[in-house]
Each structure stands twice: as C-alpha cells, then as structure tokens.
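Laid out below as structure tokens are two forms of one and the same protein chain, each shown alone and named structure 1 and structure 2.
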Structure 1
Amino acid sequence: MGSWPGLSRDFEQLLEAELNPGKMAGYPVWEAARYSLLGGGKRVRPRLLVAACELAASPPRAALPFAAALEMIHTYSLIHDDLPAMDDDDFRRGQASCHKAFGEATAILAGDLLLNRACELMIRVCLENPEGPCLKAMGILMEASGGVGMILGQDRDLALERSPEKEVELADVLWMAELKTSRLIRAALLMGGWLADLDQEVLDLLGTMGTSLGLAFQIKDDILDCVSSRDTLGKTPLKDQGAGKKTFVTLAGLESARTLLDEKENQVLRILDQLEAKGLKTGPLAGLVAYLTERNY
C-alpha cells in the first residue's frame, strides 16, 4: 500500500474546534455532527486540496479552513445518503451510521448543521481575507456540492436505482458518478489551485485530473464493494447489488470496470507528469494518487 501523506494535526484540531463553538458539544445535534465528522474517515478530499496547494512553492494559510469546510460538506452528504429514506446504510467509517446512533431527526439536522457550518467557516475566512481568491474558492465548492453537482448526483443515483437494469446505460452511471463523486474531488483540487494562486493552465489540468480521479475513485469503490469484507471496508459490502444500485460493476461487470479504472488512473498519471514538467512540486499530490490507486478500503 502506498504511504499516506500526513495531514497536519492542526487539521483535526481545527475540525474539533469548529464543532464545539461556545461549548455546544453537549446538544444532540452537535454531538451527532461531531460523531460523524470526528469519528474517522480517510480525509481524501482535504488532503487533495492541501496537496494541490503544495504544488506552489509556499502554500497559503487559508488552505486548512477550506479543507475543513470541504470535509464537513462531504460528511453531511454521507449522513444524509445513509438515511433510511435514501441508501439506508447502518455502517459508515467503521461505526454505526449517524441515524443508527442518534436517530433520524437528529441525523438530518446534523447534516444540515455541517453544511451550514462549512459556509460559516468559509465566510469567516473570506471576511478576514477580503482580497484574494477565498470567495472564489468558496464558490467552487458550493457549486460542486449543489443542485448542479453532488446533490443532482444523488438524485440521479436514486433514479437509476429505481430503473430496470436493461434501461440503464453505462453513460448514465458515468454521469451520475461524475456528479456525485467527481465534482467534490475536482473542487478539492481546484480550490487548492485557486488558493495557491496557480495559473489558468494549471487550473485546467487540475480540473481534468479531478474528474478522472473522482471517476477512478468511484469505480474502485464499486469494485471494492463487490470483493471486500465489512471489516476492511468500514461499511456494508455487497450492498449495491442487493439494493438495485447501478454501478460500474453491476452495469459493465468486474473486468470491464477494472479496465475503465486503469484508463482513468492513466489519465491522472499523465496529468501528474504534465504538472511536473511545468516545474511544480508534485510530490505530495503524486503520493496521494499512489495511495488512492493502491487502497483496498
């Protein structure tokens, strides 16, 4: 397995502090939000944001709060997706899912809280840095997570789930995965690029890389769902087939999914080469890509 480039302890401390303003931690909605946000997770998206920042010689200070906001939004989406009315998942990140631990009402509110809190945090940083690209970075994230991005992806996922298998095409699954998974991963790289003040050509490369990396990530998830145990995965395996989910594996089969995964991963590696040829500091990003390529959970 590839080594996992560390995200500073500052990051986890920031998450912890953001989730206990004015000693709020005792209220159920805050407890539930803390449980889901602080209880593990690979922190893939914030690490990608920071790694994109590190392409520049001196990464900006605002990287961490934006990385934290991104992780909050990702976590809220998991909480809502796991609800009984949605994917009805009992396990997440190796523990009971939020609604199993706190009840549905509190889980819905905890998701709302995390989305709202992410915005509060970013606005604070924007107010402290009125010049510069902070507001632009916030705009990138909110567009990616919204109704023309991640939320539409979940809408499409639900729609495909209800469609008979023979009416669903691989292109439908590709679009759904691009919305549901790639948009946030692409946003991570683009936000990092903007915050580090990288030029437009690099931003374009990061955008393309994010889409491919997100698809590779989702295809790998679908493959792992098919071949893993719950202990490795931290969530319920073989869930997709039972639930009528349309995934790369259920639609195209395991071998074709692996071929598509290779293709997407090669696109990512080619862009890494292009970034390196431009003299950027690709070490951290390459380390992350290696880790994501080789992960088995």
Structure 2
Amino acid sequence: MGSWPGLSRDFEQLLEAELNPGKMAGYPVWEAARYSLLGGGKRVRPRLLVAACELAASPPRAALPFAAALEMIHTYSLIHDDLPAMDDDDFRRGQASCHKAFGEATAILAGDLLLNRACELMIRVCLENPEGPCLKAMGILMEASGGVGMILGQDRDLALERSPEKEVELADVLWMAELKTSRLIRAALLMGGWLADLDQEVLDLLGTMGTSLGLAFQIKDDILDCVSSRDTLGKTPLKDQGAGKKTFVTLAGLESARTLLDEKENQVLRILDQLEAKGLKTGPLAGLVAYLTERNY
C-alpha cells in the first residue's frame, strides 16, 4: 500500500475547537454534530487539499481552516445521505449513523449545523485575509457542494433509483457520480492549488485530476460494496443492489467496473507525471492517490 500522507494533530484539534459547544453543551444538535464529525473517517478531502498545497511549498496557514470546513461539509452530506428518505443506512464510519443514534430530526439539524459552521469558519478566515485567495477557495467549495455540484448529484442519484434500469445508461451514472462525488474531490485539489498560489496551468491539471480521481473513488466504492463486509467497510454492504441503486457495478457488471476503474486511475497517474515534470513536489499527493486506489474500505 502506498504511503498515507498525514494531517497534523492541529487539524483534529481545530475540528474539536470549532465543534466545541461551550455554553450549548448538552444540546442534542451539538452532540450529534460532534458525534459524526469527530467519530473517525478517512479525511480524504482535507488530505487532498493539503497535498495540493504541498506541490509547491509548505501549506499556508489558511489551509487547515479550509480543510476543516471541507470536512464539515462532507460530513454533513453523509449525515443527510444516510437518512431514511435518502440512502437509509444504519451505519457510517463503523458506528451507528447519526439518525440512528440521535433521531432523524436531530440528524437533519446536525447536518445543517455543520454546513453553517463551515461557512462561519471560512468567512472568518476570509475577513482575516481579504487580499489573498481565500475568498476564491470558499467560492470553489460552496459551488462544488451546492445545486450545480454535490446536491444536484444527490438529486440525480435519487432520480436514477426511481428509474427503470432499462432506461438508465452508464453515462447517466457517470454524470451523477461526477456531481455527487467528484465535485468535492476536485474542489479539494483546486482549493489547495489556489491557497498555494499555483499557476493556471497547474490548476487546470488539478481540476482534471480531481474529476478522474473522484470517479475512481466512486467506482471503487461501488466495487467494495459488492465484495467487502460491514466490519471492513464501516457501513452496510450490498445495500445498493437491494435498494435498486444504479451504480457502476449494477449497470456495467463487476469486471467492466474494474476496467473503468483502471482507466480513471491511469488518467490520474498521467497527470501526476505531468505535475512531477513541472518540478512540483508530488510525493504527498502521489502517496495519497496510491492509498485511495489500493484501499479495501
């Protein structure tokens, strides 16, 4: 397995500080938000943001707050995605999903809290750095997670679930996955690139890489859903098939999904080679890509 670039302890401490309820301690919505955000996870997206920063130099001070905001938004999306009206999953990150632990209403509010808290954090950083690229990074994240990105992807996922399989093509699933999964992964790389003041040619490469890496990530998830156990995945396996989900495996079959995964992974590796040829420090990003492509959960 490839190396797994680490986030500093400061990152987890920042998450803890931002979700410190203070005088609101004991209120269920805060307990639920902390339960979901601080309860583990691969931290893929914040790691990608920091790795993109490290292409040129050490990450700037703004990198960790933006990485934290990105993780808050991702976690809110998982809380809502697990709800009975959405994917209806009882487990997430190896523990009971938020709505199973705290109830549906509190889970909805906890997701809202995390989304709002992420915006509060980014606005504070932008006010402290009005001349820098922080506002651009915030705009990238909010667009990627909104109605032309992740949320639209979730809407398409639900629509495809209701559609007869004979009416759904692989292109439909590719578009849905690009919106629902790739947009946030692409945003992580672009945010890191902007915060590190990388040139436009590198930003374009990172954007293309993020799209391919996000699709590879989703295809890998679809494959693992078919071949892994709940203890390994940390969530319910084989659930997509039972729920009528349109995935790369249910539409194309396991072997074709693996072929498509190889194609997307090769696209990512080619861009890594291009970045390295520019003299950029690709080690952390390459190690993270290796982990993501070789993972079993």
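Here, rigid core means the biggest group of C-alpha atoms that superpose within 1.5 Å across both forms. Counting starts at 1 and follows the sequence of structure 1. Since the model is a prediction, treat every value here as computed from it, not as a measurement.
The form predicted alone appears here as structure 2; structure 1 is the other form of the chain. For Gly283, a C-alpha deviation below 2 angstroms is recorded between the two structures after rigid-core alignment. Core-superposed comparison between the two structures: CA of Met24 displaced by 2 Å or more.
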